[in-house]
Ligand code: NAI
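Okay, here we've got a single chain as structure tokens, the form predicted alone, with questions on binding and movement later.
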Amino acid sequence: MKKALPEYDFQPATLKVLEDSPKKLFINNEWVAAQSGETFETLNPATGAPLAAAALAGAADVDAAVAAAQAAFPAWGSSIAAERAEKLFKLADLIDQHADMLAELETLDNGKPIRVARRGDLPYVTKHLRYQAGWADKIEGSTVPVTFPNQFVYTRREPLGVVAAIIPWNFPLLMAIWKLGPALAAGNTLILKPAEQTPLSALYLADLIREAGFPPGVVNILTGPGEPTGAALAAHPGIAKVAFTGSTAVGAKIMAAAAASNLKRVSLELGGKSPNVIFADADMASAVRGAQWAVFSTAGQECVAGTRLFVERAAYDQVVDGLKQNVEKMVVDHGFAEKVHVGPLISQAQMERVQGYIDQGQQAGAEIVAGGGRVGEQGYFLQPTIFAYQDDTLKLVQEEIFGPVVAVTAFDSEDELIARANDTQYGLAAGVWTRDVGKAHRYAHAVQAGTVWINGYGMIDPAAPFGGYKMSGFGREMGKEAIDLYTQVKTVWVNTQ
């Protein structure tokens, strides 16, 4: 029998969460079993062994959660904004108090290194939550000068109603807060569905939500897979909006379900195939190190991963050699190991999918410079892999892999670069490394991407809008734009005569 847990001095509360499995659904501030009685098993990606069990929410459970959220909406939506903010600030404080345990749950569920969960994910969770809480009492309308005499016209920003948030498994708690924060600050009620692979931190969050003083029904948490849980949320006529982060294919299904049910609003943060560019005049040590972490962070399981690396030909050999040397020093191990850079992929299916792309790339003529194989026989580990390629039509280059694989190619001119960088269905993010500020801005303006990093990669801040072009989705999370996603504008005409 594989061991579910590695050797590690876990928080007692973490172990209790696992011992108390199976979990229930969180509806109307109460823990309830799924009406079908069904549960599903989650696996530790570092071992492949069962980790916990969770309730499997079906259509009847979605109905119950929607009813609870609808009942809570009138009071919550019309509540004093500062009081909503106060509860969100309280929740942030509670998350800080439980940060070590939440980080352990993230690493157990997801596989990422514990230091990344502790120093990266958890601080950003509360940073984002406090930022969005600050918006609650700053949501304003405006007065509008019109051509009619004796008319006073003004606008209000009002909440939408019940919002469903469907989140992925790569940043489970952070993605939940990206949606929970602005939705609640704006006065909506929420149904959160964590990814079926990583439900534990969201379930623990439920108790903190109740402790923070949120009224019953304001936040409901349902666990389950895309079918039936996610599909029932997307199609439910009582839901006013679905906010989704995940694959482009699933995003398209959510749009279709939303259109067929009640034309509910949809915001989508989807896949990416981000071009990262190194010009010959760049600071090479920084650029190579940046390119390394742009793709191998979180085992490549990031939508913004810089998986297409374009290098000016004069610097190509230097970059490839430097990247190869760096990558071969990276440690692949479970997230609680003393020294680890790359953790496991999320599942057996994902590991096989990524390995399939590696095999296809080799067969199609791309050259493996480093990596390419599985690590160990237990868990879902793959070596960080570097491909050298010339053909932009390869699946390896055009399709999102969501694993530790980067494809490197040379370019000769800016015009060629822009054409090739934009030759993709995606447009989520991009990076460029150069000492020439004019060149950097020309690229940033020409590349079709929602976020561009210059001489850096991967920075995210709650004040900076984030979202995609093309099939990477639409709508912007973070910044004031996030509030816009969760409100609607009403225009009021007043006859002053």
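Quick caveat, the model's predicted, so the values are computed rather than measured. For every residue, the number given is its place in the sequence shown, counted from 1.
This next part talks about the form predicted together with the ligand, which is not shown.
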Inset, instruction - Sort through G427, G343, P194, G306 and report the residue having a heavy atom within 4.5 Å of the ligand in the predicted bound form. - result: P194
Inset, instruction - Using heavy atoms only and a 4.5 Å cut-off, determine which of G226, G372, G322, G290 is in contact with the ligand in the predicted bound form. - result: G226
Inset, instruction - Verify the flagged residues V250, Q350 and F402 against the ligand in the predicted bound form: is each one within 4.5 Å by a non-hydrogen atom? - result: yes
Legend entry - the ligand in the predicted bound form: contacting segment from 125 to 133, 90 to 98, 267 to 275, 182 to 190, heavy atom within 4.5 Å: 267 to 275
Legend entry - is_contact(P384, the ligand) in the predicted bound form, heavy atom dist at most 4.5 Å: no
Inset, instruction - Determine whether any heavy atom of I167 comes within 4.5 Å of a heavy atom of the ligand in the predicted bound form, and answer yes or no. - result: yes
Inset, instruction - Examine G230 and determine whether its closest non-hydrogen atom to the ligand in the predicted bound form is within 4.5 angstroms. - result: yes
Inset, instruction - Answer yes if any heavy atom of T107 is within 4.5 Å of a heavy atom of the ligand in the predicted bound form; otherwise answer no. - result: no
Legend entry - Residues in 234 to 259 close to the ligand in the predicted bound form, defined by a heavy atom within 4.5 Å, in order: F244, T245, G246, S247, V250, K253, I254
